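Form predicted alone, single chain, as structure tokens, below.
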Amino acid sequence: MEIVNVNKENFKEEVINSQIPVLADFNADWCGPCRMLRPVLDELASEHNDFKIVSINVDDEDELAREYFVSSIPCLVLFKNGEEVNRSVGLKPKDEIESMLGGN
């Protein structure tokens, strides 16, 4: 699967109503660690079809960032059945992100 860019207009459809778990990457273009994390997320997205990864630019979608209390980036938020079940802040290696996803 490819990473889906999400905004407030498609957030409900892509994240809240998703039938599979969703890993939301809250990021910004100017954020060095965010740019370093992106290839890892691209790799995970191409290797798995049991969850979806979405990208949310906090500069463009500050309303979503506030709603989900994102104060530091990169911030990964795992949603299952429309509810937040896990969160990770900062640059993490691939294996830590995979363990965050659990038995997905």
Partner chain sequence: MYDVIIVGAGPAGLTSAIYAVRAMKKVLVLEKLNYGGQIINTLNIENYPASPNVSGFDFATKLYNQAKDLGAIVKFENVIQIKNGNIKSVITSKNTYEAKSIILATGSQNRKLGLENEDNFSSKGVSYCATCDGAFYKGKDVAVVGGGNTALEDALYLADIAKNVYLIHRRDEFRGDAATFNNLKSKDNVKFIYNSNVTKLIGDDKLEAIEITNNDGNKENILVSGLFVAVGRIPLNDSFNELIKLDSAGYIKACEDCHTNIPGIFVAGDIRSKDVRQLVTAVSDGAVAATSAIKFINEK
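Positions refer to the first chain, counted from 1. Here the structure is a predicted model, which is why all the values come from computation and not from measurement.
Although it is not shown, the form predicted in complex with the partner chain is what the next lines describe.
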Does the partner chain come within 4.5 Å of any heavy atom of residue 87 in the model of the complex?
-> yes
Can you check whether residue 20 is within 4.5 Å of the partner chain in the model of the complex, heavy atom basis?
-> no
Please run the contact check for residue 71 against the partner chain in the model of the complex: heavy atoms, 4.5 angstroms, yes or no?
-> yes
Does the partner chain come within 4.5 Å of any heavy atom of residue 41 in the model of the complex?
-> no
Answer key: of 54, 75, 45, 78, within 4.5 Å of the partner chain in the model of the complex (heavy atoms) is 75
Partner contacts for 1-28, taking the partner chain in the model of the complex and a 4.5 Å heavy atom cut-off = none
